[in-house]
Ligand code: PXG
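Okay, so here's just one chain, in structure tokens, the form predicted on its own.
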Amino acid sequence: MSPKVYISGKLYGKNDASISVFDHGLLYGDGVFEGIRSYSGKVFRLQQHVDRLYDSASAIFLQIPMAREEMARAIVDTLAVNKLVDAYIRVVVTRGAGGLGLDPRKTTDPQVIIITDQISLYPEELYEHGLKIITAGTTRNHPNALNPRIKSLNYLNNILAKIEGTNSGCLEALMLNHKGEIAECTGDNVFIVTRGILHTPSIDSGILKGITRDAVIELARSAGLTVVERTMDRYDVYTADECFLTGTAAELIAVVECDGRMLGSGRPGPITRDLRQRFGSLVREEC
């Protein structure tokens, strides 16, 4: 059966799903999105994802043409139509079609697109043995130019850093902010463990406030771990006992090498492994 794609209230076959070439989402990256996971046929933390989508839209003066409750139903229904159990869901809202100019006032009909599919971001062996990453020369967008908490359709900043990583043989790359501090990776949040304390860059470091990041912080604190959100630099990563990344698609994955330096023991550490197990249990409880 051909996958069905939701576009503004209607379902289309994968090969028939389309929007106008004059849509400002295509022409200028003018729009917002969310990446969401489902497990056992249920959407993980749906309300948090919907709220963040609407917050991103509000931040760029984009009016989503449906209520939050309607959006949540559309996501669930599209997942069900495609008979997917453990899946990845991409929700996109574009500015809509307009002329060849930046002025959003000349656009009409913002498009709501919901795509559901299977996803496997990293090979299973990397979850077992850990990732190698580099630090990208491409810095994270300055927060005064584009607030990183907005999940906009323009991901060129992250893509350029991703290319640096893949050109170096790594599937992820660490991004620094304009001050040279650690922000996040191209698609994931960053955590380190030092002397039993969990550290992660604070929101004002120029990061996306990840939903999986928040879940892991909750799990860590409930397990009795101290969690510190603070400014971090590469020294903190290089000297960490453990390092791992979190993200909707990635879930939780260890980092065992950065910029050619072995981190900790060079294997996923005990706190990383424990939190990964706890996250799996959380998913089973909520889904």
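Predicted, not measured: the structure shown is a model, and the values here were computed from it. A residue's number is simply how far along the shown sequence it sits, counting from 1.
Keep in mind the form predicted together with the ligand is missing from the figure; the text below concerns it.
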Checklist line | Site check D23, D30 and N154: each within 4.5 Å of the ligand in the predicted complex by heavy atom | finding: no
Item checked: One stretch from 70 to 78, 208 to 216, 94 to 102, 123 to 131 that, in the predicted complex, holds residues within 4.5 Å of the ligand by heavy atom -> 208 to 216
Check: Which listed residue (P110, G165, G187, P201) meets the criterion of a heavy atom within 4.5 Å of the ligand in the predicted complex?
Finding: G187
Next item on the list: Consider S38 of the chain shown here, and say whether it contacts the ligand in the predicted complex, taking contact as heavy atoms within 4.5 Å.
Entry: no
Check: Hey, in the predicted complex, does T248 get a heavy atom within 4.5 angstroms of the ligand?
Finding: yes
Next item on the list: Answer for T135 alone: is it within 4.5 Å of the ligand in the predicted complex, judged on heavy atom distances?
Entry: no
Next item on the list: Give a yes or no for N158: in the predicted complex, does one of its heavy atoms lie within 4.5 Å of a heavy atom belonging to the ligand?
Entry: yes
